[in-house]
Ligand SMILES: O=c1cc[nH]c(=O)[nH]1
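Quick setup: one chain, the form predicted on its own, written in structure tokens, and binding and motion questions come after.
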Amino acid sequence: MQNDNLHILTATPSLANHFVAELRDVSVQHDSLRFRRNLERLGELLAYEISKTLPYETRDIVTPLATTQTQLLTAQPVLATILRAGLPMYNGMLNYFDKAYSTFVGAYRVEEENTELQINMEYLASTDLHDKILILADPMLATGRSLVKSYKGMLRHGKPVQVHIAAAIASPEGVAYVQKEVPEAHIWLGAMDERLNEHFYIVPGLGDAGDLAFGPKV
């Protein structure tokens, strides 16, 4: 499944392996502060890697001693995330793209026995996306349906010139679905896992990222 538009941090050993390992580890997961921080760290690493692919321009910088030149971004991206689980990764990306505008989506899966998985999207607050570079962060790319539905909902606010999708952990099925539905997207992952189970959860995965970060839903 590896191609030029798919990038996996843990494919090459680095500190990303430590952050993903702690996200998975049941002996560490109970510390919600650390869980959120590890998602934030992955957001920072993925933002840095994405930044290498963005357009830059030469700019003059005046120091106390001289004028020098450097390469700076031609424009900040728009950062988007799916509430609530995406907030820590979004915060990590915002630490690096600190002048970026933001878009927020409220989307969730509806799980009922003997029915096809449904996605409800009830909230969308977006800045203008026309000709912007869009980075959409969601920690778990499981089926990919929430992410794709969210992206397609955003398009009413303009067509981005570039699309980057970032996730901490993904399933092969979810990646394939995103590649089919949003073929222009560059996909950035912390790790690629083995499969989805019968309940559409990633295996080995880490559980419910939103519950682990912010507490169980009732």
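Sequential numbering from 1, following the sequence displayed. This structure is a prediction, so every number in the text was calculated from the model and none was measured.
There is another form of this protein, the form predicted together with the ligand, and it is not shown here; the text below is about that form.
At a distance threshold of 4.5 angstroms between non-hydrogen atoms, residue 140 is in contact with the ligand in the predicted complex. Heavy atoms of residue 209 reach within 4.5 Å of the ligand in the predicted complex, making it an interface residue.
For the chain shown alone, residue 202 is a contact residue for the ligand in the predicted complex, at least one non-hydrogen atom being within 4.5 angstroms.
This chain is displayed without the ligand, yet in the predicted complex the stretch 140-148 from 90-98, 67-75, 140-148, 122-130 comes within 4.5 Å of it by heavy atoms. Taking the ligand as it sits in the predicted complex, the stretch 10-39 never comes within 4.5 angstroms of it through any non-hydrogen atom.
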